[in-house]
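The chain that follows stands alone, in the form predicted on its own, written as structure tokens.
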């Protein structure tokens, strides 16, 4: 039995990496990082032309009709390149429409999302660190009034999938009345997060229930795990390259046994965890009874490991590792985002314990 990726999945991942290598050198990524939008329209257009926007959208709505594992390996490639833009929120919005939307809602939005003519995102977070569908307090109806926090790239979106009390989901068009969006100045400036305020804003209920909302959350956790794995892998590669070129006492620092051990431990920490997000993504489509637990496990473990590798990467680069000029910060902050978004590892480990009757 082959537990590796298919040739098509490997090709997809390598194609995305090559696009980012050509279009997103570190100097350009820094320009985006230091800007306000966390977005490169030309890069997003290139990804859309590759079919990334509709990767998981069913074929009948103009998408590629692939599975979550395909989307997750794409997320890994984007994370490795430090890609900015709306991919994460857009992908989760597509999944939400497929799992919880009515036929009319799917026909109205999925074709436009698949072609990139419209951009989607989701609004789940609330004050007090409330992320899970069972915790949402915003009351849905014909209109919405309240605030959602940590909304990915809301400023770029045409459609928001909003979580409401009882674990329901509603659709809100960005052009609707009563919406205001404010940049929350998140730590990862390549992926802007916003506070969205609704004041009697028209919305449209989605027929999906709490179970559907939980499935959407699980898919988002898996994409975050894939991105965190990529950030950690990129940091390990950066440290190895630095160790080959930085000289001290007349030799490259890669000769020093202490640093060799540190780099080896970093690689050993992250590489085996790749299978966690692969399995979680596979379970999402094929082993639903294990999906929720696997998604929580992948997100909590991989994002924790990515943070540890971020800290070790700063140390491996010495004094320069603590500076804004060092590129380590770009992927370290990406790992910080992945660890915190949709709940910290402790929150999801608590969920795992409850699911396991511990």
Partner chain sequence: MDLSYGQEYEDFRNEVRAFLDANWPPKESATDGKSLGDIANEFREKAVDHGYLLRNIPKKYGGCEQSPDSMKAAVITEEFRKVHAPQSFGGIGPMMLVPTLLERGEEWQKEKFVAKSVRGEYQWCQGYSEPGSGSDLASLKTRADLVGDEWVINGQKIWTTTAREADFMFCLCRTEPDAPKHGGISYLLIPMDQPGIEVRPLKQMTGGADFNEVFLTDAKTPKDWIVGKRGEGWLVSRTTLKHERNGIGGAGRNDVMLAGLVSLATNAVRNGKPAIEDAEVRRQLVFIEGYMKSHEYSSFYQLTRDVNGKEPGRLGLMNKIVGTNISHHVARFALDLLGDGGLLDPSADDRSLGRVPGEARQWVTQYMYSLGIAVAGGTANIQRNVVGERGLGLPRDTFANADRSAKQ
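Bear in mind that the values here come from a model prediction, so they are computed numbers and not experimental data. Numbering follows the first chain given and starts at 1.
Separately, the form predicted in complex with its partner chain exists; it is not shown, and the next lines address it.
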| query | Which residue, 201, 153, 190, 273, has a heavy atom that falls within 4.5 Å of its partner chain in the predicted bound form? | reply | 273
| Pick from 210, 176, 240, 99: which residue has any heavy atom within 4.5 angstroms of its partner chain in the predicted bound form? | 240
| Are 254, 264 and 287 jointly within 4.5 Å of its partner chain in the predicted bound form, each by at least one heavy atom? | yes
| Any non-hydrogen atom of residue 183 within 4.5 angstroms of its partner chain in the predicted bound form | no
| Close approach of residue 346 to its partner chain in the predicted bound form, 4.5 Å, heavy atom | yes
| query | Is there any non-hydrogen atom of residue 282 lying within 4.5 Å of its partner chain in the predicted bound form? | reply | yes
| query | Could you tell me if residue 39 has a non-hydrogen atom within 4.5 Å of its partner chain in the predicted bound form? | reply | no
| request: Given that the partner is absent here, state which listed stretch (312-320, 298-306, 49-57, 26-34) has heavy atoms within 4.5 Å of its partner chain in the predicted bound form. | output: 298-306
| Residues from 121-148 in contact with its partner chain (non-hydrogen atom within 4.5 Å) in the predicted bound form | none
